[in-house]
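Just the one chain here, the form predicted on its own, laid out as structure tokens.
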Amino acid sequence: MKSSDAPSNEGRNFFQDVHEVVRLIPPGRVSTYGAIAHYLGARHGARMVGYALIAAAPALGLEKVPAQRVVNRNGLLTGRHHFSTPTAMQEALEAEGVRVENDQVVEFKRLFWDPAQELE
């Protein structure tokens, strides 16, 4: 990806930037709250990334944000409780070809998408 794909700073806020980065994660890949926060210059902002994803709920009328592609640093589906059903996050990932066992992404390291690497 080119750096031109990265979010711009003009008239943006952190939540919008998170949504934009998450939309860039390819289907079948996953990133982490911390990697996204670090990319956006908020090294200790992983929790804020989670809040931004909660705020991206489809009911708010926003362009779809594939929040299922964001997991914790160990590949665990810690955000699953914020989906419509307890298994919706896993089902969405599996529909993209990501295997999940015991609420954890199988082959997490291979599927990890780091915006700092991919968007530079």
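Since we're looking at a predicted model, the values are computed, not measured. Note that the rigid core is defined as the largest set of C-alphas that superpose within 1.5 Å between two forms. A residue's number is simply how far along the shown sequence it sits, counting from 1.
FYI, the form predicted in complex with the DNA isn't displayed, but the following is about it.
K.L.:
Examine Tyr39 and determine whether its closest non-hydrogen atom to the DNA in the predicted bound form is within 4.5 angstroms.
P.N.:
Tyr39 lies outside the contact set for the DNA.
K.L.:
I'd like to know if Ala88 sits close to the DNA in the predicted bound form, meaning any non-hydrogen atom pair within 4.5 angstroms.
P.N.:
Output for Ala88 is no: heavy atoms all beyond 4.5 Å of the DNA.
K.L.:
Taking heavy atoms and a 4.5 Å cut-off, does Leu93 contact the DNA in the predicted bound form?
P.N.:
Result no; Leu93 lies far from the DNA in the predicted bound form.
K.L.:
Is Arg47 close to the DNA in the predicted bound form, meaning a heavy atom pair under 4.5 Å apart or at it?
P.N.:
Result yes; Arg47 sits at the interface with the DNA in the predicted bound form.
K.L.:
Output the sequence-ordered list of residues from 81-100 with at least one heavy atom within 4.5 Å of the DNA in the predicted bound form.
P.N.:
Contacting residues: His82, Phe83, Met89.
K.L.:
C-alpha of Arg43: shift of 2 angstroms or more between this form and the one not shown, rigid core aligned?
P.N.:
Arg43: C-alpha displaced by 2 Å or more between this form and the one not shown.
K.L.:
Since the Cα-Cα distance for Arg73 and Arg43 shifts by 3 angstroms or more in the predicted bound form, is it a contraction (closer) or an expansion (farther)?
P.N.:
So the answer is farther.
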